[in-house]
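Single chain ahead, by itself, as structure tokens, in the form predicted on its own.
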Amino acid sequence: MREWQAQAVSMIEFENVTRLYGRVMGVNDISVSLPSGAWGLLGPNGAGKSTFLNLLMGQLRPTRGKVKVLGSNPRNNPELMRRIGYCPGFEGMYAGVAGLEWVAFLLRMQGYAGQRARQRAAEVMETVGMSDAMLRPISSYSRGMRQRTRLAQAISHEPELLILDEPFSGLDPVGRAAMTELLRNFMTAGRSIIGASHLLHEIEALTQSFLLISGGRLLASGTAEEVHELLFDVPMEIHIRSSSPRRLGAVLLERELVDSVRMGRSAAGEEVLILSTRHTGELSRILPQLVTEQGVRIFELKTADDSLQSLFSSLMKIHRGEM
């Protein structure tokens, strides 16, 4: 996958950055230069995503190396923080305070006067769909409502760069769609986003540019298409609901397109064919013709949720020289 080249002053620049927690490695020798735009930071839980974001925010100092955000060192830099919005993945909210008051308080810390802070807080709470609940205490909010309130404070001062840690956490499908639309609108004004997630499809709704991180190492970068191409080259588990799952499994084994097959059950109790294959690209090319020849109808085909984990594991083996 290609390396991204800086254009003029990079939005984000890491130069041989390592962060240690005692003997534990948070991030390991990361060098990357990102231009303005939207970026997804993908990795399994514990991959180093939060450490990466905390270094961007200046909340952590690198043990080795240099970090620059919008051309400046983020550590103890209040001027830079006025240009950045941060939506954390943890709660960090005062449960007994109304959502409106919490956002207004943070705006006053950004330099807004009292009445203007309250007015602007009301505007952004309406923007994120919280106008009906903004006078209620945060303790009465659902997880999704708290997430929308965190987003409200992050965009309230109109930052140039928005940093998001698991932005869709706690949201139902309707809430995710609304959040996606809000973030797309944020980007239309020429602002930038970097969002961390362990789910490709969540961030893919916002951007086609990704960084893949695992074990504290930056393993690859590129577009969604390139990530999917990488997925084709690692062992993958595929679930298929069809009219004749056992016959289809037998044919795939006979053609040596899969390494193993087993039967499972869907949430509705239907039989599901579960395939393990190292030939995903070839399987995807041949499967349409094969099901036509066999007279099999496919109702649903999807990869297992751990397909990205398989990719990260394989990339880590490549880095260690095991593949």
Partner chain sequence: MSQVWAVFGYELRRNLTPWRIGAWLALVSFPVVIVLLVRFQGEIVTNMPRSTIDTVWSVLFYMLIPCVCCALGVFLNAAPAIATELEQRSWVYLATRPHGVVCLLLGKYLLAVVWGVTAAVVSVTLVTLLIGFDPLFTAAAPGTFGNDSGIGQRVQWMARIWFTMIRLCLLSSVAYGALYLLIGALFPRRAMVFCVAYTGVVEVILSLIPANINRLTVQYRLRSLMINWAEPEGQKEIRGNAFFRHVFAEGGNPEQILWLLLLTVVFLSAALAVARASEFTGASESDV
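Treat the numbers as computed from the prediction; the structure is a model and nothing was measured. Residue numbers count along the first chain shown, from 1.
Not on display, but discussed next: the form predicted in complex with its partner chain.
- Checking G46, P35, G281, G264 against its partner chain in the predicted bound form, a heavy atom within 4.5 Å turns up for just one residue: G46.
- The listed set R143, H201, R75, R247 contains one residue whose heavy atoms approach its partner chain in the predicted bound form to within 4.5 Å, identified as R75.
- The candidate spot formed by S50, P88 and Y94 is fully in contact with its partner chain in the predicted bound form: every one of the three has a heavy atom within 4.5 Å.
- The stretch that touches its partner chain in the predicted bound form, counting heavy atoms within 4.5 Å, is 52-60, out of 265-273, 52-60, 252-260, 285-293.
- For P137, no non-hydrogen atom is located within 4.5 Å of its partner chain in the predicted bound form, even though that partner is not displayed.
- When its partner chain is considered in the predicted bound form, S197 lies well away from it, no heavy atom lying within 4.5 Å.
- In the predicted bound form, at least one heavy atom of Q153 sits within 4.5 Å of a heavy atom of its partner chain.
- Using a 4.5 angstroms threshold between heavy atoms, M109 counts as touching its partner chain in the predicted bound form.
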